[in-house]
Structures are given as structure tokens and as C-alpha cells.
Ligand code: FRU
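For reference, the chain that follows is the form predicted on its own, supplied as C-alpha cells.
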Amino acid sequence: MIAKAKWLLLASFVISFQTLWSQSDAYTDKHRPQLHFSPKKGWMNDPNGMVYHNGKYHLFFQHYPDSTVWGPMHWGHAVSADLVHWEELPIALYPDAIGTIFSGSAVIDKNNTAGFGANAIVAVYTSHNHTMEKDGFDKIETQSIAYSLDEGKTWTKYKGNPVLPNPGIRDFRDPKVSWYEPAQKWIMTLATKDHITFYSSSDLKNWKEESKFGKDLGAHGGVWECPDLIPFEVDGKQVWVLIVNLNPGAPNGGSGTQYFTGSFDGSVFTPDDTDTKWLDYGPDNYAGITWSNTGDEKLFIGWMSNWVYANIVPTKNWRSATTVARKLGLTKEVGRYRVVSTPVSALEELKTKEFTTKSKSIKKLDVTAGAGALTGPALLQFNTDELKSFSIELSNTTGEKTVIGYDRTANNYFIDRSQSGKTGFHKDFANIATAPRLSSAKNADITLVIDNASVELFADNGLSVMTAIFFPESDYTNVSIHSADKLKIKELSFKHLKRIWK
């Protein structure tokens, strides 16, 4: 018995060690983001069901745990107290007889309108029937609900699913639900092929159509997906923003996120202009929506990839990550309302050491000569009284580089990954993406969020935003700034950041 006990103890130790090693190894494999959420294994795409509840930000996401390519969708689940450090939890929603679990949203039912219990977390999602799809039917997508009474640990699917049957539209998905206080009702913003349809309900179970929007407005290169409807207070006025993800048809190819500004009366969304506006001009921010139950604070996160090449990027045990969480605001620029995006402030708390410099007129500035080599995530910020052409190079010792910058002649920001490393997996990956400078100010501020396989540019207080992924053979270690026009930097800060995984 003593020998057996010793053997069991040793076996338990070995299993525990192997578990700890595999978890650690999962977050250090090649190209694994160290500042962005990614699943331990398997496939991930759209963020879903984001809701804040009792001090935790819940992030659900499209997940196929059995492969690194898209497959039968589940809702993966992760939580965070600060929108930076994430703990991945067991899968929340599995496929069922109605279908696989496509994108959607989650709300806190404070008033128990659905009868599941006060403060129940209610998920509203698309059920996608692959069997009907294979048989050539159109009514393959319906809307269903599930609820949790224990902080999202366990879920019960409503016996009356689906709560919104398909009216005969093949693409009928991605419900974003919110509470409309003036009329005491829930509003569902639903992607319906090439436009948006609004529905309302008093109980999350019975829905009626209110109106349609967008058939003849905005970009229409592909299917409309993953919408969101959020209000802002600007100068004492309420302005609504309707976010619509589009695939394909984005300005730099493939997937992208457009938005409209206007008014909403509980039934109809009315745009205040007909401009096509983009939340992020980079190639790798798609399907993003905001957290619910965050009050006046609008917090956004997107899927950091592009359907053009998402299934074939060169990662091994996992595929895809999210962008960093971003705070959204609304401002007016040249007579038009514009959404601004900035990284959540909690990123600053990851700082391990900081390099600063002031009043530099540069043709070349080797940032890492003063700050130390890039060994992990970093935050680069600088401002200037007059914006001139410049480029920031992230590079390694073998000459691979990603270049981020501003072209004064074209008045465009850009990200050039033509020499970034592994690009041969798709012909369109080694591209140069551009974004118009939307600010009319002479001065400018630049923020770069740098990870080992991505960069996010926030320019002019978040008016022009770009996100791009890359896959160098070895991690970038050098950061340098170049300007033939002698860019005058007022103040520059380079912060080394801790990795988020424990």
C-alpha cells in the first residue's frame, strides 16, 4: 500500500507538472501574442457576447477547439478584471440540434423581463444549421437565447428556441441586443444580407420588426455582419453610432468595419450624412463590437485577422487573437461626427521600464539604442507641432521589417509589411495598407501598440487607426524612426511592457 501511495503521488506530480508545462508552453509558442487575448488552442474568430458583470469583463468568442481552421462554431469564454489580463474558461455554448453557435451578444436582464431571474446573463446568438445549408435551403440561420444564473459558469438554452425564425434570408445573423430606456424595450440590431434590420421585444423571447437600414448606403462589397448600435453624448446632444462589419469590401481588401452616425428613435435609425466611414483602416480588425452594461463608457474589441488569409496564417496550435481593448469616443472633425479609438489605459500599468526624450529634430532616431532592445510588448508614443513624413521600422537582425508611417504628400498613414517576414502563404498579405489622415490639425500625436506579431497605430487622438499582423522568422528587436523632412519630436516615450500571461 505504501509503494502504491508513493506511485500515485509521483504520478499526480508528473501530471500536474505536465499540465503546468503545457499551459506555459501554450503561451510561448511561435508568434503567440503576449499583449492580446488568444485561445490556448484551436481556432478563434469573432468576439461575441461581451458583457460587464460584477467586476468582470466577459469575452465570448467564435471558437472551434478541435482544429486551427474554421469549423463547427462554439462560444469560447474568457474573463478579465482590467481588459488586459485574461483567464480562459471552459466553453460556454456548444452546438445543438438547432445548429452551431454563431455570433451574437449578451445582456444583463436586471428587471427579469425574460423570467429567467433578476440579473440573469442572457446570451442572444445565431443558430446556424449546416445540414439545411448542405441541402440547399435558405432558412439556415435563426436567433436563439440562453441564460446563466451563476456569473456565466453554466448556461441553459431556452426551450422555445429559436426566438426569431428566419423570414427567408440566407444571411440572417449576429444579433446585438441593447436596452432602449425611453420605450422600456429591447432592441435587436441584426445583419440581414446587405443591410440591417431592427427588431424590438419586451421579454427577449418575442420579437417584432421595426425598420430596415442601409440597403443603398455605405460600402457593399460583401455581406454585412456583426452590427452594433451605441449612443454617445456630444455637447449635450445624443448621437447614435451604427457599426457594421463588411466582408469583403474594406478599403485595404477583405474584411473591415464601417460605421454610420445619426439618430435613433427606438424604431428607425436616421443617418446624419451619407459618408462611408471606417473604424480601422488596417487589414486586421474585423467583427468588433462593444461591451454591454458599461454605462457611458464604450469599450470595443475586434478580431485581429482578415478572412482573406485567416485560415492559413503560419501558426501551429492556435489561430487568431483579438485586438487590444479600445475606448471609443465621438468627436466632430470638419463638420462630420467621427468615432475615435484609443487603447484602454490599463495597458500603461504593464510598464516595466521607460525611455523618454524631448525636443529632437530627427532624420533617424534609433529608439532601442536608448530604450534597450525590443524583447516583448511595447508602447511607443510621440507628438510633434508639425506633422511631416516619417516612418517607424520594426526590424530584426536578418533584415525583416514592418514599416509604419505617414506620407505628407498623400496625406496618408500607412503600414508596409512587404518585407515583414513570412508572407508567401497568401499573395495579398505582403501589402501596403493606407489610411487617410482625418485630422485637420497641424500638430499630431502617434501611439503604437507593439506585440511580437502585430502592431496597432492610433494617430491624432485615435481619429486614424490601423491594425496589422505579421509573422517574422525571428522576433523584431529594433525600433527606429526615420524622416527625410527632419521631423521635430516634442516628446517621445517608449515603454517596455510585461507579457499578460502568467
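Note that the structure is predicted; figures quoted are calculated from it, not measured. From 1 onward, residues are counted along the sequence shown.
Beyond the structure shown, there is the form predicted in complex with this ligand, which is absent from this document and is the topic of what follows.
Asp451 falls outside the set of residues with a heavy atom inside 4.5 Å of this ligand in the predicted complex. With a 4.5 Å cutoff on heavy atoms, Ser103 counts as touching this ligand in the predicted complex. At the 4.5 Å threshold, heavy atoms of Asp46 reach this ligand in the predicted complex. Put simply, Cys226 is close to this ligand in the predicted complex: some heavy atom of it is within 4.5 Å.
Residues with any non-hydrogen atom within 4.5 angstroms of this ligand in the predicted complex fall in just one of 234-242, 67-75, 263-271, 151-159: 67-75. Taking Phe300, Phe213, Tyr286, Phe390 one by one, only a single residue has any non-hydrogen atom within 4.5 Å of this ligand in the predicted complex, and it is Tyr286. The partner is absent here; in the predicted complex, the one residue of Thr434, Gln34, Gln62, Thr447 having a heavy atom within 4.5 Å of this ligand is Gln62.
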